[in-house]
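Just the one chain here, laid out as structure tokens, in the form predicted alone.
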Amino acid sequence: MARKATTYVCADCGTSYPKWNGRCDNCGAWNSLSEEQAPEGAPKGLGKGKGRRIEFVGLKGKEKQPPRRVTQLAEFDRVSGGGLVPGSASLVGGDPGIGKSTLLMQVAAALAAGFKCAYISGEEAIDQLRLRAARLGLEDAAVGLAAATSVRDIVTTLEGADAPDIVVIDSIQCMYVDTLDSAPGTVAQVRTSAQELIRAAKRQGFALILVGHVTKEGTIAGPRVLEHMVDTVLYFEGDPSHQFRILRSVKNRFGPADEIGVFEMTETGLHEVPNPSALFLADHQGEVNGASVFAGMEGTRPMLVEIQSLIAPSQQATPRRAVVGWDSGRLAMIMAVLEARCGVALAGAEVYLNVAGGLRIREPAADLAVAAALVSSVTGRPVPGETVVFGEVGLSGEVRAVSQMEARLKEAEKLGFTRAIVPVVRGKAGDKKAKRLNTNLTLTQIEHLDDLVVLFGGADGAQGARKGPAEVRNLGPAVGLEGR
């Protein structure tokens, strides 16, 4: 009997090789090749005139689009773009134990009030699913449960006139196609299983939700092509030490991307947080040095969070920098700009930065809020109370305007804030006059990071930070925010 040939497929880009390599030559990824059985016969040429002619149609169709399937969970519907689209495929990924199965069990139970829902698990038995439903108080929901891993059996069950409207597969890494010899979870099995399930969803018109495992880097496990195959990619994230969970949309063909939904994990499941800004600032303590309130945007939603910093003397040759909830490279850039452009010496101090509440900030508009927290910690002078800060900082120290400034200010005003430190907003190109923002807040508009340092009394107020070889400039006395 002839020995079956094997190939090695890259998990990131899908390129196959006849032998194993440490690095994929196509995408440059290291240790991404996995062994798979090669097909017995190579595909033949297509030839001429052997295919079926396809028919083209116009952009505007006569058929009326079916309505979205709304879950009545406002946070989930916001992230999905207003509800699930019939025939769509969504992929939900997240760390182990973050609450993916709990979220989708609640989604299926909410949809079961008006649609036929099926929850198929390849990781848990029926009794385990019922235990979770009882803990969540959903045991009376009309959700069909099944424990299966064979894609052939699942597709056969879902075909027919009695096909469900919503199907949840938990998880795609446990599914397998019996025509492949590789084990479940391999690149070929994940790709083929997802392809067959998505094809069945498009053909039957049910909304498919796939649960995906993530790697230690936080990306969806399996081939990268899996994220290209589905219509929506959602990441369920959060700090396990905090009760807050963030459902983030990174791809959505039927709605805005980068939208988030906020949930709170409790003993009875996930509860929606309609006003996350108030919840993230619940423990905010007025005027405390080293803390600032950042008015950010998550998709179309303005959100206020507290940024905390601590600067302490270091006895080590290489001071420590610890960052939670923000980009460590961006922190290094802000510190370099403060030292090189504003004379604030931070090179010999340990710097700790934290975004309270477990939220991870991705937008550069947080630069000015981080700089305010750092300068406040160095000088020992708190950011004035009831003040929000946002703005992007350039390498030359200039403070640049950011998008949707009025929406950020409106959210801050709604939560009781009275002041804001913001960039100068210009009108048309070449216009030297500052543009007036439509807000009732008292604004302090700054053009350069020097202006922010002056608000805290200059760089000579540093505590615990060692001066570098260059002379630290005296930036003058403190200037009150009202007088700017």
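In case it trips you up, residue 1 is the first one in the sequence shown, and so on. In this text the structure is predicted, and so the values were computed from the model without any measurement.
What comes next is about the form predicted in complex with thymidine-5'-diphosphate (TYD), which is not displayed.
Candidate stretches 127-135, 354-362, 392-400, 142-150 - the one whose heavy atoms come within 4.5 Å of thymidine-5'-diphosphate (TYD) in the predicted complex: After filtering at 4.5 Å, what remains is 127-135.
83, 99, 325, 302: which sits within 4.5 Å of thymidine-5'-diphosphate (TYD) in the predicted complex by any heavy atom? In short, 99.
Pick from 179, 316, 241, 266: which has a non-hydrogen atom within 4.5 Å of thymidine-5'-diphosphate (TYD) in the predicted complex? Checked against the cut-off, the match is 266.
Report whether the minimum heavy atom distance between residue 95 and thymidine-5'-diphosphate (TYD) in the predicted complex is within 4.5 Å. Within the cut-off, so yes.
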